[in-house]
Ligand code: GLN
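Before any questions on binding or motion, here is one chain by itself as C-alpha cells, the form predicted alone.
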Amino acid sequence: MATQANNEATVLGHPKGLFYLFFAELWERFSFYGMRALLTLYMVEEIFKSLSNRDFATAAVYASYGSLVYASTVIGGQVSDKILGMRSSIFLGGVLMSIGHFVLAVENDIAFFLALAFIIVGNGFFKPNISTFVGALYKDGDVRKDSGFTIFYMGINIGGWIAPLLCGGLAVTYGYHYGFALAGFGMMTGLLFFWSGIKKNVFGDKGLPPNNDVYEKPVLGIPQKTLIPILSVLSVPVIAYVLSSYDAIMGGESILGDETIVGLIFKLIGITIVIYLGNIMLQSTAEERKKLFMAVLITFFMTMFWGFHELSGSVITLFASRNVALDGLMTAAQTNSLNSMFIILLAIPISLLWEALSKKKLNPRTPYKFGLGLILAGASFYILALSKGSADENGMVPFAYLIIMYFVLSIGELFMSPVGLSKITSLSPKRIVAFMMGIWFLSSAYAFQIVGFIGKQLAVDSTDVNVGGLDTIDIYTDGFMLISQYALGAGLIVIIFSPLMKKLMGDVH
C-alpha cells in the first residue's frame, strides 16, 4: 500500500516509480531473452538452412548482433546524458525494439536483418538508461538504494526465466514467428508500464532532458529531440547491411572473407583502447598504476567469463537441440530459462553466505571470487564434456547434465557479476572513471566476439535440418572440454596470484 514519507509516494518502503521501472524492465527482458532463445535455432533451421556452413554463418551473425547490442549502450547513454534525458531515451528505445521484434515475425530474410538492427539501436537507448533511472529515484546516501536495485534486478531474471519458456513453447507449437511476435508484445507491455508511470507522475522531475535548450535546439532546421529518432531509424539499414555483409552468407562475395565488418571494427577499437590505456598508465602515479592494472585485469577476466557464459544462447542451445534427450520436458529454446531460474533461486542464499562470512571476517576478496567464478565456469563445461560418457546409441545424453551445468555456471555468475562494476569505479583514477565504465560495458560486446569464435570452431557443416546425435556429439563435447580447460586454467592463475592482486588493489576489497 502506498504511503507518504517525506512527501514521497512509496510502496513497500521504496519510491513508487521503482515498481513501474521493475515491470518495464521485466517485460523488456522478456522480449530480449525470448527472442534470444529462438535466434540461433531460427538462423540454423530457417534463415541459413540452404547453406552447408549454416552453423558458421549463424555464429558470425550471432556474435555481431550480440557485440553491437552491448556496444550501442555506450552511444545511447551518451546521447541520453547530453540531449534526450532518460525518459525520452527509454521510450524511444522501447518503440524501436518493439518494431524489431514484430519485424522478426515477418518471414523474409531482409526483414530478419532489419529486425536485428532495430533491436540493436533500441537497446542502446533503453538498456543503459532504465538502470540509471532506478538510481536517480534515490538521493545520495539513501540506504534503500541497494535493496531497490536488488528488487529491480529480480525483474530482469524473472523476465529471463519465463520468456524462453513461453516464446520457446509457442515457437515449437505454431512456428518461430509466433514466438518472436510474443516477444514483441512483451516489449510493448513494458513500454505501456513505463508510459503509465509517466502519466501518473510517479517519477516526479526525474529523467527529464538535462538541458531543455539543447533538447529543443534545431540542427539542420530540425529540433534535436526529433532529429535523434530520425537518425536512429536511418541507421537501421546501415546496421542491417553490416550484419549481413559476411562471406559465409554472401556466397563468397564479401571482400573481407571470413572476417566480419563488426569483428574488424572491434579489433580497431581494442587496439585504440590498449594504446590509450598505455598512455594513461605512463602519466599515472605508481599507486594509480597498480589499481588501474587491476581494473584492466578484472575487466579481462569478466570478458572471458561472459564469453563462455553467453554460449548458452548459441552453441549450448544447439547442443541441447541435437544431443540432449529432453524427453518432452523442455524444448532446446526453453533450456535458456535455466540460468535465470537458478539465479533467482541462488541469489539470496549466496548473498547471505557473503554476509555470514563477513561477520567472521572470512569473506573472500574480489580476486578470489573472480578466480572461483572462472573455476566454476570451467567445471560447468567439464560436466557437459563428461556427458559424452553417458550418451546412448544415438548420441543423446541425459538432460540432467545440462541442468547441473547451468546450476554450477549460475553460482559462478553470482560470484563474479555483482562485484565487478563497483570495483571498476573504485580502482580507476577519478579522471578516467567514465572511460573505464565504458570499457566495462564494452567488455560484454567483446565477450560476444569470443562466442562467435567458439561457435565457428564448433560449427557443423551440413544442410540436414535434423543433423545431430552421433554426427555432433564428439564435436560439442570435445569443444566443451577445451573451454573447460581454458576457464579452469584462468581461474587457477587468478587464485595463485590473488595475494599479489590484493597488494595491487590496496584498500579496495
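The first residue of the shown sequence is 1; numbering continues from there. Given the structure is predicted, the values throughout are model-derived calculations rather than measurements.
FYI, the form predicted in complex with the named molecule isn't displayed, but the following is about it.
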{"query": "Interface membership of Arg29, the named molecule in the predicted bound form, 4.5 Å heavy atom rule", "finding": "yes"}
{"query": "Partner proximity in the predicted bound form: Val79 to the named molecule, non-hydrogen atom cutoff 4.5 Å", "finding": "no"}
{"query": "Contact of Trp306 with the named molecule in the predicted bound form (heavy atom, 4.5 Å)", "finding": "yes"}
{"query": "Interface membership of Lys127, the named molecule in the predicted bound form, 4.5 Å heavy atom rule", "finding": "yes"}
{"query": "Answer range among 29-37, 474-482, 55-63, 461-469 for contact with the named molecule, defined in the predicted bound form as heavy atoms within 4.5 Å", "finding": "29-37"}
{"query": "Selected contact from Leu170, Ile156, Leu292, Met341, since only one has a non-hydrogen atom within 4.5 angstroms of the named molecule in the predicted bound form", "finding": "Ile156"}
{"query": "Partner contacts for 441-459, taking the named molecule in the predicted bound form and a 4.5 Å heavy atom cut-off", "finding": "Ser444"}
